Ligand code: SIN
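The chain that follows stands alone, in the form predicted alone, written as C-alpha cells.
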C-alpha cells in the first residue's frame, strides 16, 4: 500500500515499520488515522517517532485501537489506572518484558494491542525484538498445521517457567513498579487456541510462548513441553523478526494477535522510563 499522510519505512522483511510525519494529536478521524490503522494491520509493529504525548494523549490514541485493559500485576499511574510506568533504574539488573511472550495471554480476553511510549532511553541498548507469528505459522509443514488443529494452550500468570524465579521473584527485583495481586498470579489462567485467526485479515498465527503457556489442554506438562518449545523456538527464528530502536518521544504500537516480543536487557547502568497501555480486550478464536 502507498501511504500519503505519513512516511512509512519498513524495518524488516517479516514485520515492523517506522512512522515519520504522523501527528497523533489529530483528534478527528482524518485520512492519517485511516492509514495508521492500515499500517498496523500490514506491518504488525509501528514505531511512531517524534511524538509529545501526555497521559491524556496516550489514552485517546489507545482508544483508536480499542478499550483500555487493566494490567493485573502492577498499579497504574495516579489518575490513569490503565497506564503503567515501566522503569529500570541505573542500579537495577532486571528489566520488565524480557523473554519472548505475548502480553497477558493468561487473561480470558487478552489485549488486541499494546502501546509503549518512551520518555527516557539509554544512549545505547534497550531495543525490543518482535516476531511475526503469522509468518511463522505459514512456514510450518502441512502435517504440523494439521496436528495443531484444535489444540488449546493453557496459559498462567505465574511465570512458572521464567529463569530466575516466578512472578513474585521477578517483580520483587523491579523496585519502580508497585506490584499487586502477586499472591493470585497462578489464578490468572486461560485456555486459548494454539492457532488463532486474525479477525481483520482471516490469517492464522501461532499463539503460545514458553513463558506463559504451561501445557496443552488435556496433556501433561511433560507431554506438552517439547511441542511448546519447538513452536516457541520456531516463531523466534531470525527470518520472522525485526528490531525496534527506542528514542524519547517514540510511541510503538503492536498487534498482540500476530506477534511476540522480547525486551533486550543490555543497558545496565542507564535509566529507561516508559509508559505502557494495553487496549482492545478480545477472546482469541
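Residue numbers count along the first chain shown, from 1. All values derive from a computational prediction rather than experimental measurement.
Below, we refer to the form predicted together with succinic acid, which is not included among the displayed structures.
Just one of 125, 97, 158, 193 comes within 4.5 Å of succinic acid in the model of the complex, counting any heavy atom, and that one is 97.
Contact check for residue 88: no non-hydrogen atom falls within 4.5 Å of succinic acid in the model of the complex. Although the partner is absent here, residue 263 is a contact residue: one of its heavy atoms lies within 4.5 angstroms of succinic acid in the model of the complex. By the criterion of a heavy atom within 4.5 Å, residue 116 is counted among the residues contacting succinic acid in the model of the complex. Although the partner is absent here, residue 254 lies within 4.5 Å of succinic acid in the model of the complex, judged by heavy atoms.
Stretch-level contact check against succinic acid in the model of the complex with heavy atoms at 4.5 Å: of 149-157, 101-109, 197-205, 183-191, the positive one is 101-109. Along 262-278, these residues reach a heavy atom to within 4.5 Å of succinic acid in the model of the complex: 263, 272, 276.
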